[in-house]
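Just one chain is shown here, as structure tokens, and it is the form predicted on its own.
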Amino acid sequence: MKHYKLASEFYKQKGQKHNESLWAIRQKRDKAIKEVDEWEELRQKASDIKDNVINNLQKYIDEFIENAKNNNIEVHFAKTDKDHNKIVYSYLKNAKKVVKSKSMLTEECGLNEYLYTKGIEVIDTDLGERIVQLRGEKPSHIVLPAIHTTKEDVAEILNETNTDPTYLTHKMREILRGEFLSADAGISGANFLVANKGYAVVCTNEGNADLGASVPPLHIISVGVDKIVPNMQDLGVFLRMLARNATGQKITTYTSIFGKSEKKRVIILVDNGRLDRINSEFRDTLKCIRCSACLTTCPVFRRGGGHSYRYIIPGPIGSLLAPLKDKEEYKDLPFACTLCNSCEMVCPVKIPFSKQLINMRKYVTKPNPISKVAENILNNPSYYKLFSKILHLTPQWIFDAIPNEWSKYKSIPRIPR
């Protein structure tokens, strides 16, 4: 089922409440950035840092690997999602249970499903992730994975009659504490990798990533190569922006830096198509820091929900990434957009979303005679004037009778004189 049908169904059920919840977060974000006088300068600096990283990505990958190994961290490079999963399993052959904190990269690689086939139980420990896992769903938002659920939904999966959110949170915490103590390994993602130090940086609000990293005997970090930043000073730029853009906080409750330690720690750097994007017209998607601001502000996402996108990462950034993964399956997503430019306005690294989405529409659309005719008319003033005269002379009922996507939801506009 395509996006507009799934989005329409979601809106009828939960769309208005979903919209209100996300708009409240957008308002918190706006308030938080007003506290930073140099916000626009930070955006430009963050964009410039990312441009530098993309232009020199292989150099920074090599630098990170060398410094991470000096920190007694084992580092692997995975070309594909399948390579990633095999590397993870090579460390877990004798494991029965792993605890995992939020990681969109492992979702991208389908790690949970892969480990299940190997007889390994995976417990998602982020509250929202655990809720959707128990519901048999995928996250609907990259920062707020269970934003589409209600407190009644959570009470139901816990077999509770008390729907108080605080009570349900404590109940889930009680259940999860025992899982950390009995796990054979902890798996997490990383928000940033610091090239000149070999550090992995994990930003969370619940502390579950820290427990997964410290309690079990093994800690595996799965992270995309695009998460590298050159140095600690550059890291500071992104830390000032990440939480403000994501949830309206000044900084996440926990910002954990994993470097040298006696604990067994493994980092898996994942390509999975990222390096191919460097020389493509969609290279700017590599700038994304997964703050989710583009999702939270998007009027289509707010009303249609994340699952309507059918891809691990939904919203405007997902509409760019999904077709690169499967052009035919996700060719509708670049059109799930009004081109209102709100996503571009809030993006901390200044991804040119409107231009990218228009380019993606071209990328997924097969050439046809009608589009070629339209292109010639719009590019030639004489043809344009002639076509305008024809439109003015055409009775309106003819336009109303032509079936198209627009007329399913709106009346065809009158041709202006």
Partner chain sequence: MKLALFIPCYVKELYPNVVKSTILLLDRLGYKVDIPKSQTCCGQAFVNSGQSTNLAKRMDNIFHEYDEVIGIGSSCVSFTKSQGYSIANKIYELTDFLYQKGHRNLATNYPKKIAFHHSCHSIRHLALKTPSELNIPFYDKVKDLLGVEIMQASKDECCGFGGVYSLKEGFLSYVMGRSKLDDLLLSNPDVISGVDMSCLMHLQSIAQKDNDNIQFKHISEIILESLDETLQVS
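In this text, all values refer to a predicted model and were calculated from it rather than measured experimentally. Residue numbers count along the first chain shown, from 1. Throughout, rigid core stands for the largest set of C-alpha atoms superposing within 1.5 Å between the two forms.
Keep in mind the form predicted together with its partner chain is missing from the figure; the text below concerns it.
Contact check for P299: a heavy atom falls within 4.5 Å of its partner chain in the model of the complex. Interface membership of C337, defined by any non-hydrogen atom within 4.5 Å of its partner chain in the model of the complex, is confirmed. Its partner chain is not drawn, but in the model of the complex it has a heavy atom within 4.5 Å of N341. R361 belongs to the set of residues with a heavy atom inside 4.5 Å of its partner chain in the model of the complex. This chain is displayed without its partner chain, yet in the model of the complex the stretch 302-310 from 302-310, 85-93, 263-271, 166-174 comes within 4.5 Å of it by heavy atoms. The candidate site formed by H3, D30 and P413 is fully in contact with its partner chain in the model of the complex, as each residue has a non-hydrogen atom within 4.5 angstroms of it. The partner is absent here, but in the model of the complex a heavy atom of K355, alone among K59, K69, K355, K45, sits within 4.5 Å of its partner chain. If you take 346-383 and check each residue for a heavy atom within 4.5 Å of its partner chain in the model of the complex, you get V346, S354, K355, I358, R361, K362, T365, K366, P367, N368, S371, K372, A374, E375, L378, N379, P381, in sequence order.
Comparing the forms between this form and the one not shown, the C-alpha position of Q396 differs by 2 angstroms or more, with the core used for superposition.
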